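Each of two forms of one protein chain follows alone as structure tokens, named structure 1 and structure 2.
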Structure 1
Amino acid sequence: MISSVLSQHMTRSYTRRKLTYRAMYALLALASLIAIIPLLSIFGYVLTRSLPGLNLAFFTHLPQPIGETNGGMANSILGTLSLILIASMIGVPWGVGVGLFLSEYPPGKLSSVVRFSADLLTSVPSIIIGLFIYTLVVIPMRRFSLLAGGIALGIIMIPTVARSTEELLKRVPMHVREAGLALGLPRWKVILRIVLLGHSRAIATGIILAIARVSGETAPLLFTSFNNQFWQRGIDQPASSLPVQIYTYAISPYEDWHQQAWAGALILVLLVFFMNLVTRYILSPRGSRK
């Protein structure tokens, strides 16, 4: 009798747990779907609007005057890639270094000031950073330039990379660091070869997020690199970029420019998506072996 009651109780308890598990799984799946729907909706809308403006000339030709056909954004695509490269050369090492300092060294007044500065820089509007670089770089050079735009975007990247690196490295168990020190490795080797390189894939995700943020920035570029209707001639010359060219075409009253603006928006989205895929593949164990 007692065993029968216990068996029934265990069966009901198992059934209740199973139903609870399925209900929570369904809720989590629904929440994930709700989070993905806006992304797919935006991508689908941009794709449908951009198809009329996509052709081979868009990737190979320069912008054309009003009334002429076969215009493109080849110089803007190249300018955006150049700006991202310069910004990454500034923002990634600096941001990773700040993140390492905040996560690996004991908290103190200096670390509190650095962390507060990073948080404050994150909240500063990008147009303010553009004005700062305009005063610091553009006015002394007496011209807009690709270099000024890259510096502005690099500064915007620093706090994002720093804070993401700090939070990711804080999750590394302390015994991993202690094991390296117990083997007689210097602290800097433990930080660089065990902590940093061992979690490079997670840090790369934070870097991609920072690149994705600066790739669509328009306001700071209006004060730094400005725009250029021709091919880039040097790092000290004005440069075209997809965000500024999209903005210029989007506010125009011409339908063909509107189509090219949508095409440029699609290329910008695909550029970030492609960089994300390539970075994850290279840093994955399978990609590293190759």
Structure 2
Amino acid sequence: MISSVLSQHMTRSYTRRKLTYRAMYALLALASLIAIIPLLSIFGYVLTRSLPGLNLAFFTHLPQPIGETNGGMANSILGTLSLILIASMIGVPWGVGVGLFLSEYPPGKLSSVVRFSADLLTSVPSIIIGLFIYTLVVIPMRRFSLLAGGIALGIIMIPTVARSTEELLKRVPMHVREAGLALGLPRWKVILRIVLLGHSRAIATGIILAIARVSGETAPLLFTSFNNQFWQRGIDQPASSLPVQIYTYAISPYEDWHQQAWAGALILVLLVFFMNLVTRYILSPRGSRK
């Protein structure tokens, strides 16, 4: 097959074919450069535009009404951390559990259905998860709440954690499990104590990546945790979060708030990138050596 296709090309002169190759090389290199421009632009603007708004007050103060200076996003930062905590309490055990089911038990109909659903759930737009929690939690509770936001983010975490746990545990050699079973340990102890604990570093990377992904999510929070300009009063009260606060400030008409939005964006980007880099370090050969 290759030769028949090739013979069509070979009817052309060698110089022409060589030139085509050169032209395509240049074109594809150019495409790669074009794709990087937005990234550099976003980084550049987030860095330079955020600097004027970044000061101590940004981390320690509450948002101020327009006209008053020295506003901050302290409650939003705290809110995002609380949301991550609640989301992890749901997403981590559920996700790891499903990952264990997929990797440690014999493949069957259920496991392929679960795997397929997990993949599809990953690609459900996050705003849909927000709507779902709105109808499931917010409407019955009759108010937006930190809890609802945390649940929404938790659900988004589950499939990511499940699939990464599965992928990582599949690489664990079978003799590790055999060693445990040979000692007479029941299977559940082998799975929890040897397979899971023994590879907790690797599994942690999957969890951190899932957290990094949800900590920047805005859409599912709009109608679950909503927003709040004050300190958090309880788990059943509306909660502020960095992404929603950035959104609110960005679409406002006030210059001062725009500056705060950029500062918030810097913090959010740093948070997400820091988590990404940590996982890269853990997974790198140098990081995994004890």
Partner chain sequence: MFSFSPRPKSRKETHLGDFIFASLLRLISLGLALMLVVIAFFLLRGAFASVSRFEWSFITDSTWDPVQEVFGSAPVLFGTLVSSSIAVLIAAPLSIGIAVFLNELAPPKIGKAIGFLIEMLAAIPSVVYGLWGIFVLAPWLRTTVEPFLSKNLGWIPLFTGPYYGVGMLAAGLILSIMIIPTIFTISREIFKTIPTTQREAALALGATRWEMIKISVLKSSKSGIGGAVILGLGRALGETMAVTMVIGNRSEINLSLLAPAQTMASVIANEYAEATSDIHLSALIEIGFLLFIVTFLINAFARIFILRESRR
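Each residue is numbered by where it sits in the sequence of structure 1, with counting from 1. Just so it is clear, the model here is predicted, and its values are computed rather than measured. Rigid core: the largest C-alpha set superposing within 1.5 Å between the two forms.
For this pair of chain forms, which number matches the form predicted on its own?
Answer is structure 1, the other one does not fit.
Taking the rigid core as reference, does residue 44 move its C-alpha 2 Å or further between structure 1 and structure 2?
Yes: residue 44 shifts by at least 2 Å between structure 1 and structure 2.
Verify the C-alpha shift of residue 32 between structure 1 and structure 2: is it 2 Å or more after superposing the core?
The answer is yes; the displacement is at least 2 Å.
How much does the C-alpha of residue 271 shift between structure 1 and structure 2, in angstrom, given a rigid core superposition?
Displacement of the alpha carbon, after core fit: 3.1 Å.
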